[in-house]
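Listed next as structure tokens is one chain, alone, in the form predicted on its own.
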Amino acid sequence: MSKHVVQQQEGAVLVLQINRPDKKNALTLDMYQSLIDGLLLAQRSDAIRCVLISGTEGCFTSGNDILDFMAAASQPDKAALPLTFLQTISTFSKPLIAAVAGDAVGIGTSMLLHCDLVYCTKDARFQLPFARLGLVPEGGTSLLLPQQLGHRLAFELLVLGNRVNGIRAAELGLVNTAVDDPFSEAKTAAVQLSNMAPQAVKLSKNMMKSHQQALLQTVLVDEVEQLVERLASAEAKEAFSAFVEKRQPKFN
């Protein structure tokens, strides 16, 4: 268990807190493994009826830790952890709730599409800057966002990579609502769900997701395969170099 993912069971609710505030909660591969382990624990345990994922007070997660990923590029088992996490969260059968404050960048936004309820602060910041980094969408976003928002709004978020705040995210339906205290709102919903008939809740969730689950799993793998190809591209290398050097990239 990574020290940067705090796992705590509160009644029938398992809270998984992304807790690396000094690095804006950037996700390392070890953190992905801890999130996977937490979800699998909740899946197996009859004592856990709901999972709540949160970040820290000022940030949900700024996305992947680029330096950690670059260092692990030659380790296939570790490099596969983000896909394993997405497969785990997208097939998780119990209610999954997210409380978002501050930045939710890249995977920080795309993982929310697999949650059943999402609450955020009004000044939360959601961004999917894949194309800006010379990359392509991941996390099922190329399927789920156009379905939810239509092509033009999905293009704005996935290709332009424009940032939206909590209020607009709620207007678009990316989150349920923007509130002053998203963790409290999420915890209230989690307790409510935990007190409901567990099989009825699970079956209801499955009925809403099962019709395209096979397609989603195919899309997750296809996206990662294209993402891996893009990581080796000259565009991505320039974008990442510019990010590390804190300058504007130059695409020729």
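These figures come from a predicted structure and were not determined experimentally. Each residue number is its position in the shown sequence, starting from 1.
Not on display, but discussed next: the form predicted in complex with a small molecule.
Taken together, the three residues K24, S62 and I66 all lie with some non-hydrogen atom within 4.5 angstroms of the small molecule in the predicted bound form. Partner proximity in the predicted bound form, defined as non-hydrogen atoms within 4.5 angstroms of the small molecule, places exactly one of 168-176, 153-161, 77-85, 124-132 at the interface: 124-132. Remark: K250 does not count among the residues lining the small molecule in the predicted bound form, judged by a heavy atom distance of 4.5 Å or less. The shortest heavy atom separation between V105 and the small molecule in the predicted bound form is within 4.5 Å.
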